[in-house]
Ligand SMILES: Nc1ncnc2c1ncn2[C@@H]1O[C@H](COP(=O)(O)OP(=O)(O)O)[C@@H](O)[C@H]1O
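Consider the single chain below, provided in structure tokens and representing the form predicted alone.
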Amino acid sequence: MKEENLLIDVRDLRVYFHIEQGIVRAVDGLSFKIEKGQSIGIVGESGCGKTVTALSLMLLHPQPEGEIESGNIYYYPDGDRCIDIAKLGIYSRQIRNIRGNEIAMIFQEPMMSLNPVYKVGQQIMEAIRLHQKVDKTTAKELAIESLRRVKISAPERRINEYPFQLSGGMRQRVMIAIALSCNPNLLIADEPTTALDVTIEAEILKLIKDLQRELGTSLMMITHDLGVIGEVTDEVVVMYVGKIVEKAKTGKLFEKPLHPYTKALFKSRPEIRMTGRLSSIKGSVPNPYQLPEGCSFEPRCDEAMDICRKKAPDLYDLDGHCVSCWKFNLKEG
């Protein structure tokens, strides 16, 4: 029986890419839940599987190379109705009704995501008309209201402008307007502040946070920036090479990170009053075709033990704070 407020329940999800060089386990056994109205952050270095995880929730992971090998993505849109997204066809009517309507995404680079030859109003109206089945006049009114909601001045004029006529911050607001135009149950934000200056970044994060609370939408924030995670999320999932290495409430994780990788991420953060050299994580992410036999982080870890080289640890639950490290589950080894 599902929990009352559960929206998404991902269980042992595996998304593999079959390419000439071999098999890349981009997502390798992920399990996590998102409740209604909750904000969850997924953090990790580039290439750890964050974006593939997010895309797989809408079956938008790169295909045909990428496949959901196994696992479930249970989606509870209302009541006790359950849809296993992982079992849907990528072109099925069900998933087309979910994409952009019930689960929406803000992509990394708005200039690449917005069509340069269409006015921004047309692009917002397209999403509205596709899912809400309204006429052009109503769609235009809703598009203007969407721009007003994301605090774009003079929305009646802006809907007739092209993406190149807008600043980076305004283009990102347009992307948020498109994503929220159908009032989705889940909003996925993939590095929404990339390439924005610090002031605009703070404005965009506040906007996302305020709208999420106002609309009661669940939020999945994908980022490599722990500062962003601390600003907008209730819970954090730390990923490394396709696996979860740590998972906890945001406050608990920031107060006491447990996994050596999470600790290293915190140490590599620049501080305002910092003096001296910035700390870095030694080594590099392992070759995805030749992963270590044991823990994937072992070659870069200062706390590694013999067992770390021989066997990968499971995700161990310490009173709601989960960590995948032999330091905390030696009894099971």
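Quick caveat: nothing in here was measured; it's all calculated off a predicted structure. Don't overthink the numbering: it's just position in the shown sequence, from 1.
Not pictured, yet referred to below: the form predicted in complex with the ligand.
Put simply, E303 is far from the ligand in the model of the complex: not one heavy atom of it is within 4.5 Å. At least one heavy atom of C48 is located within 4.5 Å of the ligand in the model of the complex. Taking the partner from elsewhere, G29 is found to have every heavy atom lying beyond 4.5 Å of the ligand in the model of the complex.
In the model of the complex, the ligand stays beyond 4.5 Å of every heavy atom belonging to P299. Against the ligand in the model of the complex, the set D9, Y74 and I83 makes no contact: no member has a heavy atom within 4.5 Å.
Across the options 290 to 298, 261 to 269, 48 to 56, 303 to 311, residues that bring heavy atoms within 4.5 Å of the ligand in the model of the complex belong to 48 to 56. Heavy atoms closer than or equal to 4.5 Å to the ligand in the model of the complex belong, across 59 to 89, to the residues P62, E65, ordered by sequence position.
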